[in-house]
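First comes one chain, alone, set out as structure tokens in the form predicted alone.
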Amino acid sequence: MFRFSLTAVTFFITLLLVLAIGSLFVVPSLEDIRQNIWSPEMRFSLKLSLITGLTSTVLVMIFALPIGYALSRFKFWGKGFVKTIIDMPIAFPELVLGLCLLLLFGNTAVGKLLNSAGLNFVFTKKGIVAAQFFTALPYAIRIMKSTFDYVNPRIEFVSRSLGYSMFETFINISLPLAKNGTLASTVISFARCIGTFGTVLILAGGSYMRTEVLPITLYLNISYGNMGMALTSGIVLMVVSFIAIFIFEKAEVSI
């Protein structure tokens, strides 16, 4: 009876999610989707989302790999504090993260220094990348830390004993053994970057055909009452998420 109850609850929630996701594909007609997908706004939004999403993902992985490895392998003063701060953006809403970044990159010493170097993140396309980066980075770091936790340290010790430096061991031993986790982290990071809304809205703004990525397109068109365009952008985001989760599950099984 206990097993049946838990299974029933599982299938009930799954059914609700299937119905909710399926409604996104049932409501709009194929003709509406065809027209909206080729509209100038959708093409601009999709292109900007892909460019910023890919750029952010590369930057995320550049930082997630060394940070994840350091948190997995090294003991240092303040490690617990560092882990807490890195995980905090996962716990609070994207709007709060966006507000924090807006204040940081605005009229502060950091913001003025970056502006003088030509890096203006407030209400610009660079701001989209920054928003996506800080939103996705904590997820990537957690995945990479878990991945390196599964890599047997003895293999690295053997490599060091054979003459490899710590860096050479990381490049030639640790990274190849963590390839599935790296793939999973990359895919999830890309999905988070593409789907980032609140952080982008606050930091980069929701300007039509300027800083308009797919989630902003969905938001703006719902505000305008243009449900066809909103649903089409939602479908595109759903397809990207499905592909990302599918690849993540495959990679996770292989870890």
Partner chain sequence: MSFFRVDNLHINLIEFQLREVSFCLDQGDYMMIIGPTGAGKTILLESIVGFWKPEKGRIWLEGSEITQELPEYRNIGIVYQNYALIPHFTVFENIAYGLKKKTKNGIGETVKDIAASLKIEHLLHRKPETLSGGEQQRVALARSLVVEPKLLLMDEPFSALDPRLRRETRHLLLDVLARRKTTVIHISHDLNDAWALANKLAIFRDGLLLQFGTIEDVFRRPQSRFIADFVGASILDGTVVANGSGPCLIDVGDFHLTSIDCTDPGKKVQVALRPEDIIVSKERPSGISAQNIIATRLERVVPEGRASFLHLAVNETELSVLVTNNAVAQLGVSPGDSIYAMIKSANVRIVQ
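Note that this is a predicted model, so its numbers are computed, not measured. Numbering follows the first chain given and starts at 1.
The next section is about a form of this same protein that is not shown, the form predicted in complex with the partner chain.
- For S116, is any heavy atom within 4.5 Å of the partner chain in the predicted complex, or not? It does not: once the partner chain is placed as it appears in the predicted complex, S116 has no heavy atom within 4.5 Å of it.
- Message: Test of understanding: in the predicted complex, would P93 fall inside 4.5 Å of the partner chain by heavy atoms?
- Response: Outside the cut-off, so no.
- Task: Using a 4.5 Å heavy atom cut-off, state whether N107 contacts the partner chain in the predicted complex.
- Result: So N107 does not count as contacting the partner chain.
- So, in the predicted complex, is I173 in contact with the partner chain at a 4.5 angstroms heavy atom limit? Yes, I173 sits close enough to the partner chain in the predicted complex that at least one of its heavy atoms falls within 4.5 Å.
- Query: So which of 130-138, 154-162, 96-104, 83-91 is the stretch with heavy atoms within 4.5 Å of the partner chain in the predicted complex?
  - Reply: Looking at the other structure, the answer is 154-162.
- Query: Given that the partner chain is left out here, which of V122, L177, L183, L71 has a heavy atom within 4.5 Å of it in the predicted complex?
  - Reply: Only one listed residue qualifies here, and that residue is L177.
- At a 4.5 angstroms cut-off on non-hydrogen atoms, which residues of 118-138 are near the partner chain in the predicted complex? List them in order. Going through 118-138 in order - heavy atoms within 4.5 Å of the partner chain in the predicted complex - there are no hits.
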